[in-house]
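One chain follows as structure tokens, the form predicted on its own.
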């Protein structure tokens, strides 16, 4: 069978025919190449010569859209700009303009709940390695249905394994780039081994992070513990949880908060373990390498943190940015 060659009209028709069922949950996209927002999923595409596509020279971040508000938008945007600087990608617009585009795209989606992810790319221009060939950096925003996790993650808990996938070097772990192959592999490895997720261990044998989530523990003497941030991504959600943990110390649910090295043995001996991230929120870990954590059931501190998260998205006005939907 001869491979077809399409003209512009035929190619557009083929794009519409090739949209998959999941694209029904792609609500709006901004592209600096278009210079505006589109709501037709068939047109939510990137040029193949964009260096983010074929070289991974791009960074991204995600904010949660909840009840018509963007939760922690400014904190996520601050990390996004920090990643862009580390990746040596210049901004196509001032930071305030990027922020407004994100809000405008959320408004154009008409959705009051979902995820708003945005990318900064070195841009299109060819298939070389150097971004010198790029015509300029590109900015993209997508509003889509938020990734969902089974309710059982919160009621029965999560099972993890110690991953054999090498962790990213500290510099690359701190840049939220589109180079997520290690993250993908750690999750695939976990699924193959009958678990829900995996835990990266650093080159010193210390607990680092999960696939795309931070890892935290509660010791048997009720100390809230988190690994050092030098070799892992500084999660916006876990940073907020560390602040909220101060309230749990004051009420006596926790004795103190510690950020430092955690060995695998210390982690497995903890009373509680949890995964923390903007998509999963706070999920208790009940089994690690087929051994129970604590009593093998979701613990009370993980539940308290999840409740605090839900309260935060309703009442923390300093963490919420209102989306101005069209009338």
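Please read these numbers as outputs of a predicted model, since none were measured by experiment. Numbering follows the first chain given and starts at 1.
The following text describes the form predicted together with a small molecule, which does not appear among the structures shown.
Residues with any non-hydrogen atom within 4.5 angstroms of the small molecule in the predicted complex fall in just one of 90-98, 104-112, 174-182, 247-255: 174-182. A residue is said to contact a partner when one of its heavy atoms sits within 4.5 Å of a partner heavy atom; residue 197 fails this definition for the small molecule in the predicted complex, lying far away. Although the partner is absent here, residue 163 lies well away from the small molecule in the predicted complex, with no heavy atom inside 4.5 Å. At least one heavy atom of residue 277 is located within 4.5 Å of the small molecule in the predicted complex. Proximity of residue 146 to the small molecule in the predicted complex falls outside the 4.5 Å heavy atom cutoff. Contact annotation: of the candidates 84, 218, 116, 213, the single residue with a non-hydrogen atom within 4.5 angstroms of the small molecule in the predicted complex is 213. For the candidate set 236, 120, 207, 73, a heavy atom within 4.5 Å of the small molecule in the predicted complex is found for exactly one residue, namely 236.
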